[in-house]
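A single chain comes next, written as structure tokens; it is the form predicted alone.
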């Protein structure tokens, strides 16, 4: 095979202007990726390393010097080394005096040290302007053009001019800078990349708890009960039948839990007579996780749809169909056609399909790329109005599934009703309370409260006249 050599040229180099020189301490994965990205955007990049030999991993056009030499050639230096190696910077205090040091480091653990890495760097080199940035961007994101990862870069620092210089570089790289204030915010910024799905923990734990509860409940009713009472082995239901009951029940319950905190918040505002009191912390956290709860619920709804599609090819179903057909042929019996039963079956399927369609629509519109294309009224219409319609259709789907058996004593096993009966408790509660809240006698006072009116307040009169704060 022939070896091909490609010459990499800057993308935004202007021949009439001398490129700005930036220095990067460290030639690791992140340092190399950051240097290559800057070179593409028109910057002259030099590296500071303990080994000043040119590495084949660096892009052509880069220069490698000792730390001292590199520090003298640029007034902005990116510290792309780990915190435990910062001590050598004490020897470069004179060379780094008045320079802008951009700390891009992270730690293996959250709050591993009493102070942030950026604050520790500022203590080591007190004559430099330390800025925290780029620690939320990975080397892969820089290599791929940040198209497959977050484009936001959190920036903080005590010197506004130094911070602005760094934010200009962020913009030049095609990323989005977010000013988080002084260097005291560095601890929060450094902890951010170490958090593992912070807004997804509650939905995951809740959905896992619901799945486990409903799974055990179904096992008791559909496997243990037949074995104890009839000595019948129904363990084969663990593979498809029970999951196909647990998943839709969990999906419907989670969907109801998406709208339950809004109902509770409305009740609290009516009770308190004002919107200017904080909700309890648990309710605040619950409301912030509604999007994640809805997406997890959509995932369970997808599983229910897939499991339902495989029902006709199950061995148990095919066996029953063959036996039923043979029995009818031998006994020469014919099942009469009941229009009411057909209506019930088709209604159950139709409502379920429509509910699943709206469920998918809610999930799609919750994506940032889609929601950013809508104004607030459009987004609220879909997530609120169509969201409640989705909850109504999915609840009706469960009600039609039960049909006449819903309150029949024959479905009780050890005094336990069918699992879908439990699934209807929270959705029906939410819908009933919401119906009460939209009644004019309750909805009108709630609207006034949300517009700034307060019960037993001197500002009530001005609020009603439109003079209150929005």
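Residue numbers count along the first chain shown, from 1. Because the structure is a prediction, the values reported are computed rather than measured. Definition used throughout: the rigid core is the maximal C-alpha set that superposes within 1.5 Å between two forms.
Although it is not shown, the form predicted in complex with a small molecule is what the next lines describe.
- Not displayed here, the small molecule is kept clear of residue 158 by more than 4.5 Å at the level of heavy atoms in the predicted complex.
- Contact annotation: residue 404 falls outside 4.5 Å of the small molecule in the predicted complex, judged by heavy atom distances.
- Using a 4.5 angstroms threshold between heavy atoms, residue 81 counts as touching the small molecule in the predicted complex.
- The closest non-hydrogen atom of residue 28 lies within 4.5 Å of the small molecule in the predicted complex.
- A single residue from the set 317, 110, 370, 139 has any heavy atom within 4.5 angstroms of the small molecule in the predicted complex; that residue is 139.
- Though the small molecule is absent from this view, in the predicted complex it lies within 4.5 Å of a heavy atom of just one residue from 105, 187, 207, 74, which is 105.
- For the three residues 67, 85 and 135, a heavy atom within 4.5 Å of the small molecule turns up in the predicted complex in every case.
- Exactly one of the stretches 198-206, 158-166, 172-180, 127-135 approaches the small molecule in the predicted complex with heavy atoms within 4.5 Å, and it is 127-135.
- Core-aligned CA deviation for residue 378 between this form and the one not shown: less than 2 Å.
- In this overlay on the rigid core, residue 117 has a C-alpha that sits 2 Å or more away from its partner position between this form and the one not shown.
- Relative to the superposed core, residue 255 undergoes a C-alpha shift smaller than 2 Å between this form and the one not shown.
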